[in-house]
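Below sits a lone chain in C-alpha cells, taken as the form predicted alone.
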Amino acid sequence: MESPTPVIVAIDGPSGTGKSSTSKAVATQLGLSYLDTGAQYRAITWWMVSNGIDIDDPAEIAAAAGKPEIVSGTDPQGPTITVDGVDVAGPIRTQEVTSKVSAVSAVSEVRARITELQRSIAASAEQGIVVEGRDIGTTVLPDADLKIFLTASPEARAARRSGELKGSDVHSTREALIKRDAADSSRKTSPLAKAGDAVEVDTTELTLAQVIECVVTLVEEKRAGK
C-alpha cells in the first residue's frame, strides 16, 4: 500500500480557539509532523527576558534576534522545544513570557528569523505537516495545500483559556485575549489575519472532538484531490 500524499496544512487563529489541541490531534491521526509556531515566539521571548534584553526597545530586540538557537521537535504526541540546548517547554508558558511575547513578535527581524526557521521545518517534513500559528496561511506558508482559520467568540475563548490557566479569572482572561488580538492584528509585520483562500471554522459551539473531525475531513478531501 503506497503512503498517502504529503500535505502541508496551515492552521491559524487567535488564542483559545482550540488551535493547539486540534492541530496535535489531526497530525497524530493522519501521521503528519506538527509545529507550534507560537512556542517558537515564546522561546525567543524567554531568551530575551533571560538575557536582560530590554523588551521595550525594538532595536535591542532586533540586534539580538539571531543569537539564540531554537530547535523544535515535530512529534505531535510529544512536541519539544529547546533554546541553546535547554528544554524550555515549561518556562515559555509563564505569565511573564505571555505578557511580553506580542512585543517581541512584532519586531520584523524576529519574525524574519522565525519565519525562515518555520519554512525550513515544513520543507523537511517528508510525510507532511500541520503548522499552527497566526500568520501561517498568509505569510509563512502561503502555498500550503490547505489553510484553516479557527475562530470562536471572545467569551468561549476566555472560558477555555481560563480553564487551561487554572484559577484564572474569566473576565480578566477575556480582556487579555482581546488586547492580544488587537496587538497581533494591528502589527505592521505579518499581522494575524485570515488568508483569502482559508476555510473558516467557528469552534464556539463545537466540542474539541467535532473540530478535530471537521479538520481531518478537510485534510482527507484535500489529499484525495491532489
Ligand SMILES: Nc1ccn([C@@H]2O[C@H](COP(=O)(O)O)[C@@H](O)[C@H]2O)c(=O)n1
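Throughout, we count residues from 1 along the sequence that is shown. In this text the structure is predicted, and so the values were computed from the model without any measurement.
We do not show the form predicted together with the named molecule, though everything after this point is about it.
- Contact check for residue 113: every heavy atom lies farther than 4.5 Å from the named molecule in the predicted bound form.
- Taking non-hydrogen atoms only, residue 148 never approaches the named molecule to within 4.5 angstroms in the predicted bound form.
- Proximity of residue 101 to the named molecule in the predicted bound form: non-hydrogen atoms within 4.5 Å are present.
- Put simply, residue 58 is far from the named molecule in the predicted bound form: not one heavy atom of it is within 4.5 Å.
- For the three residues 42, 136 and 184, a heavy atom within 4.5 Å of the named molecule turns up in the predicted bound form in every case.
- The partner is not drawn, yet in the predicted bound form one stretch among 193-201, 33-41, 47-55, 61-69 has residues with heavy atoms inside 4.5 Å of the named molecule: 33-41.
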